[in-house]
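Next comes just one chain, in structure tokens: the form predicted on its own.
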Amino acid sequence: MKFWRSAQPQGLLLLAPALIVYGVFALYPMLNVVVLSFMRWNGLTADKVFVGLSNYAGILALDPVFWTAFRNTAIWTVLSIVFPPLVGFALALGLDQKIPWRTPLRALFYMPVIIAPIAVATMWRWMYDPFFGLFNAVLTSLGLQGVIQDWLGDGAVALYSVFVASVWQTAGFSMVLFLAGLQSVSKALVEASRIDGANAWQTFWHVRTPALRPTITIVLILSTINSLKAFDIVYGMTGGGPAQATQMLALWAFTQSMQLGDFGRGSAISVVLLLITLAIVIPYLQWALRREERVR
């Protein structure tokens, strides 16, 4: 108790700058959005009119675009917790081996992560161009004209086309996390399993995979959060089109607030998105922590 009483003020003092920054730039804007979701405000005048739950009723009952964005966000989230982690895991397994040029290859595969999303959107939009784009040119040269698509103009494939660009940019982040997890596995355990006669697959499944559970939890949580707030690459490539085929909840909240001047509805969409995120992440995190405690 004496140590706790003496350490507590020091800990609070060290945390104070970070807590102040977090409160000013994260907590206050979040609470302000919740308050705005109960108001009618155009973002220009000082007059804010309290309207209660009418903004929520409007987006849930009267706004068909909201449900389109909800469906697209759900599809995007499911795809995001499967494909980028799988691609990142495959890259991590390959780059964890002793192969030539391993370090440059790691940097090469991670490089898309540090590129600005709007630059990625511009590059992939050019590659998807139906007349001058790289993909259709390659398909034409291979004699596969029947496969050629208007990748961003066809509502049936536009969302998945944008998602491919997102996988290209985000898989490197999962790769780095999985690499860190693989390198943290005890070499003694791996050697012991080999001495006991385990083959490569058995060593991977029974030794490495259990050690990667915390990493897998982190990757899935971050992938879920990032997918639910998907905005910039969609905005840069399609702007939500064609005909709302790639509209996302975060993008629709931005459109309502910044383009249509309805900050109340935009804030209500943001609050709904926040509640969805919490409803998914918190139960999964609790389940993962309980599972880790049982394993220990």
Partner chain sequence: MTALANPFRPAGSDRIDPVLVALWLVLIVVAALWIAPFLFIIFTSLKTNSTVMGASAFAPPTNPDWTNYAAAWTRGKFSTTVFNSAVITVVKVPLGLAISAMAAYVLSRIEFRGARAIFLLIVFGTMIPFQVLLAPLFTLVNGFGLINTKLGVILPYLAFGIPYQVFVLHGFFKELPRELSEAALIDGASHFSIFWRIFLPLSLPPLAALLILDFVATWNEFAMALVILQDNSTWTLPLGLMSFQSQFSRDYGQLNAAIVMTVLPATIVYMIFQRYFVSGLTAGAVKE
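Positions refer to the first chain, counted from 1. We call the rigid core the largest set of C-alpha positions that still match within 1.5 Å between the two forms. None of the values given here were measured: they were computed from a predicted structure.
In what follows, reference is made to the form predicted together with its partner chain, a form of this protein that is not presented.
- Heavy atoms of residue 145 never reach within 4.5 Å of its partner chain in the model of the complex, leaving it off the interface.
- In the model of the complex, its partner chain sits within 4.5 Å of a heavy atom belonging to residue 99.
- In the model of the complex, its partner chain lies within 4.5 Å of some heavy atom of residue 218.
- Within this chain, residue 283 is remote from the site of its partner chain in the model of the complex, having no heavy atom within 4.5 Å.
- Three-residue candidate spot 87, 119 and 168; every residue lies within 4.5 angstroms of its partner chain in the model of the complex by at least one non-hydrogen atom.
- The single contact residue among 95, 81, 207, 159, judged by any heavy atom lying within 4.5 Å of its partner chain in the model of the complex, is 95.
- Contacts between stretch 107-139 and its partner chain, counted in the model of the complex as any heavy atom lying within 4.5 Å, involve 107, 108, 109, 110, 111, 112, 114, 115, 116, 117, 118, 119, 122, 123, 124, 125, 126, 127, 132, 133, 134, 137, 138, listed in sequence order.
- Core-superposed comparison between this form and the one not shown: the CA of residue 273 stays below a 2 Å shift.
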